[in-house]
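Given as structure tokens, the chain that follows is alone and in the form predicted on its own.
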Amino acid sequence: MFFPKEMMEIELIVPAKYLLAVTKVLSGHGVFHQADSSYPSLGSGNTWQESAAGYAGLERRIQVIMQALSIDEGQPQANKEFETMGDLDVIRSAVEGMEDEVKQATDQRIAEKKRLEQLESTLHQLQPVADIDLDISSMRNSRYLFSMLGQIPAANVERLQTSLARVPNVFLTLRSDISKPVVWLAGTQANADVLERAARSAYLSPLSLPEEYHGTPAKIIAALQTTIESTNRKIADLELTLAQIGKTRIEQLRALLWDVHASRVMAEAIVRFGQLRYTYVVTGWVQSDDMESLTQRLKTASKEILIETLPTTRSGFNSNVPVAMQNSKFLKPFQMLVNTYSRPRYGELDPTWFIVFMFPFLFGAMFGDIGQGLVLTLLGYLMASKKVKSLSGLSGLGGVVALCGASATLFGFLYGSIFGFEEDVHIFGMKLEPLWISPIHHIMDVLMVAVGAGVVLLILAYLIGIFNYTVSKERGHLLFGHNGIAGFVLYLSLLGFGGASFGVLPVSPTVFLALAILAGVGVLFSEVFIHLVEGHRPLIDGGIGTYLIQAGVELFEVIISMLSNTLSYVRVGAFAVAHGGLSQAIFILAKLAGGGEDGGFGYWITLILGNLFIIGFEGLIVGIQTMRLSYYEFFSKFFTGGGMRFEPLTLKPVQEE
């Protein structure tokens, strides 16, 4: 639960005659994470590579056909078993036949749709001049006359006339319009270049009319509408033809897609196998829970197969071990938050459970309000349930939003706030009063509590880091690392020195100062001590002078980081205060809009809009700040990350891959 699932490394020696049967077992159950074999392929590696490329190309072609026929990829038949890899030539022949069948209707539909777009564009251009009684086709290809009919921004009309003052022309406004009047510009062909450049610079959009249309705009519009109706009928007939083809071919296409996809997955897997003279070498990772059942299936597929397994310890860095998380569906949204920062390494603690409690706690402390919290809880539920289509894309965050809303509701009771109301509020006949304190009225108390909570969280982070080092058996980092015992003692001693100096602790500050110096020396020479304990040589990279300067700067950064990380939690209290202040500002605006607390419609509308603004805008900002505190203050003390995702071979449908 607190660590990724236990993994086992597996190596198989597979006789060539059982290659496909074993590959099918490895690919068909979603439990085997393949690794590249360290044995080079001898002979047929390129052949399998060519086969994989061939299957991939056919898979794309089948998907194009299905897209043209509006056929979804569907699911493999429940009783469908993948017996052997498909014959490339047979499948290619079948695909080419269906491509030819679909291509003609598809190409015609594309051509008709393109023509329809052109017709509608021409119609759109003509509609502004529909009432002009002028044969505009007569202005086309004139030997002596240059003519341009179109629309121009009203602000540019005077500028165009001024720029053409010295050029003989006729400029008429055929229809006035506030934004884009319809104008006609004419002149001699000798001045055509000058007139056209001036018109273009003034953003005059000319009317482009196909050659086959003649007469007045009204007649051309009528002809265009008739042609558009005819084109729409052609498109509808072509789509009906394609629908009939799809209905006939749907099962065949889905079966072909499944066979080609499964063949491609297996071929790509075989490419990564090592090949000896008569056998193949397969390496990878399997979850320990699945090892026994996989071993039985492999021995059923091949009695001559050799299987060697090696349990993987959690000690060491283990960057090459794939990480499979074992969290429940409830924890998936919070696991997503952790993975956004980084995936845990195989040997370190998964911080998801800590985020489940810490993230909503910090959010609620900054956004405490009963009413606004309940709204967020409802919003999170709707997101997670996918009952509202517009929110279904955010379903992954639904659980986080709902839990943060519930936390905000709880802190709302502690702060005595509901939709910003904090005084003289009665719920079910009972007066609402803070169960703890009101942040806006006890600012310093809230800020001090926030810093105290930050100290507790940072101490927890240090303890988790020490635990991780213990589990991974990195003894040098455990004892002398910045986030190990030496760093933890330095942090505690600095806290104690500050508390004793201000009289909070009844101990002499000298005791803590001596302890801080001792721990500081451990952190200062941490590289030397770590190399010494873990057996690395040389103890120092570079000269002693360079090392002392670098180590001194790092020690200074560590101390500054401890101070800044602690003070960063002030923002929890600051946002709680700001939340109350923003609510009071909304009430002031509401009174101005409604003429008093009982001002009526304007007062309540302002309150509703103000609360929606707080829930949306401030809720987003508080969420970002909560994420920042989780990532940079909390995770940085113990979470290394960099784990490799567990991606088992599987013959699952293409759209799920």
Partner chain sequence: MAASGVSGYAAISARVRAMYSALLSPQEMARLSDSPDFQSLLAQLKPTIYGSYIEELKEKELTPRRVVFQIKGRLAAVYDSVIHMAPEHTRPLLTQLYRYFEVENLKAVLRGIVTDPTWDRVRDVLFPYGSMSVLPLQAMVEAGNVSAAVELLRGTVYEETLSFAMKRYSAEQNLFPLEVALDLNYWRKLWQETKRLPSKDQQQALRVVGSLIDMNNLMWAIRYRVYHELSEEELINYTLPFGYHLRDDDIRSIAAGADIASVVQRVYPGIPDLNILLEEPRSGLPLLELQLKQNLMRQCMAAFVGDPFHIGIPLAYLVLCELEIQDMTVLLEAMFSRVSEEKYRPYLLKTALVKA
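If you superpose the two forms and keep the largest set of C-alpha atoms that fall within 1.5 Å, you have the rigid core. No experiment lies behind these values; they were computed from the predicted model shown. Numbering follows the first chain given and starts at 1.
Just so you know, the form predicted in complex with the partner chain exists too; it's not on screen, but the next bit is about it.
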- Note on the structure: For the partner chain in the model of the complex, the stretch among 153-161, 237-245, 299-307, 369-377 with residues bearing a heavy atom within 4.5 Å is 153-161
- Quick check: do S142, V170 and S583 each get a heavy atom within 4.5 Å of the partner chain in the model of the complex? no
- Message: Is it the case that E117, even though its partner is missing from this view, gets within 4.5 Å of the partner chain in the model of the complex, heavy atoms only?
- Response: yes
- Hey, in the model of the complex, does V456 get a heavy atom within 4.5 angstroms of the partner chain? no
- Message: Please tell me whether any heavy atom belonging to E554 falls inside 4.5 Å of a heavy atom of the partner chain, as the geometry stands in the model of the complex.
- Response: yes
- Item | Heavy atom of R249 within 4.5 Å of the partner chain in the model of the complex | no
- Task: Answer with one of R92, K386, R200, R272: the residue that has a non-hydrogen atom within 4.5 Å of the partner chain in the model of the complex.
- Result: R200
- S328, S179, T510, N320 - the one with a heavy atom within 4.5 Å of the partner chain in the model of the complex: S179
- Residues from 229-261 in contact with the partner chain (non-hydrogen atom within 4.5 Å) in the model of the complex: none
- Query: Does the distance between the two CA positions of T162 reach 2 Å or more between the shown form and the other one, the core being superposed?
  - Reply: yes
- Query: Aligning on the rigid core, do we see the C-alpha of Q151 shift 2 angstroms or more between the shown form and the other one?
  - Reply: yes
- C-alpha of A202 off by 2 Å or more between the shown form and the other one on rigid core: yes
